[in-house]
Ligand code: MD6
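The chain below stands alone, shown as structure tokens; this is the form predicted alone.
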Amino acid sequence: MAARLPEGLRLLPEALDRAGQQALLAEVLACLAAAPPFQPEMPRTGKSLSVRMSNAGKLGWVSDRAGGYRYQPHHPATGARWPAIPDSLMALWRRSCAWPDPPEACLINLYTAEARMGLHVDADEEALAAPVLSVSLGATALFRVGGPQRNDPTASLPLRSGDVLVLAGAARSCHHGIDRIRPGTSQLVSRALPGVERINLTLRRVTIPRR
């Protein structure tokens, strides 16, 4: 039985027009020049994830066998600080998320035609009540979302270039992932990064502000 979309999940189709997508891609490419993509690993097995990634912001998400899933302020290979989150993404967070505190991390995931993202819950943050905002650039991806338990029924929807997805409320604790990429549905990313079909940008608040 397929699930209904969880409460708190909002899809904003074509939140970025073509010009906005191109401008954001240029900013992301600048981030990748400062923080080259790396291959995250599963903590227990050391097996590589199928996506390569980088980060922007005060904190970046990394994963490897030695240290597990974590956020840290520097690139795991170069040791350099992550570049700043592009202003356009910060503005998109303010427009799309009813949350008083800014994001601290922007995960930059690079999807080839064969890349996938298994069902998971974003749970490495201290600020688990804060929403997660996801921006799609490039080829269409089939997004799958279920419930708090891995075996809960799931529903799926396509994410196209320029779409924005917000996971808030109950949806924040639901399993979700990417089943597959539909190569060739957009050349926005592949023209700039041969072999890469899609970029996903995920904004997260990591720590709870001490007020």
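Please read these numbers as outputs of a predicted model, since none were measured by experiment. Note that residue numbering follows the sequence shown and begins at 1.
Quick note: we don't show the form predicted together with the ligand, though the next part is all about it.
**Q** Given a 4.5 Å cut-off on heavy atoms, tell me which of 40 to 48, 27 to 35, 173 to 181, 58 to 66 is the interface stretch with the ligand in the model of the complex.
**A** Contact-bearing stretch, as computed: 173 to 181.
**Q** So which of 117, 130, 92, 85 gets a non-hydrogen atom within 4.5 Å of the ligand in the model of the complex?
**A** The residue from 117, 130, 92, 85 that makes the contact is 117.
**Q** Quick one: from 96, 140, 134, 112, grab the residue that has a heavy atom within 4.5 Å of the ligand in the model of the complex.
**A** Filtering the options by heavy-atom distance leaves 134.
**Q** Check residue 122 for me: does it contact the ligand in the model of the complex (non-hydrogen atoms, 4.5 angstroms)?
**A** Yes, residue 122 is a contact residue.
**Q** Whether residue 190 contacts the ligand in the model of the complex should be assessed with a 4.5 Å heavy atom distance threshold; does it?
**A** No, residue 190 stays farther than 4.5 Å from the ligand in the model of the complex.
**Q** Using 4.5 Å between non-hydrogen atoms, is residue 145 touching the ligand in the model of the complex?
**A** No - in the model of the complex, heavy atoms of residue 145 and the ligand never come within 4.5 Å of each other.
**Q** Examine residue 21 and determine whether its closest non-hydrogen atom to the ligand in the model of the complex is within 4.5 angstroms.
**A** Although the ligand is absent here, residue 21 would stay clear of it in the model of the complex, with no heavy atoms inside 4.5 Å.
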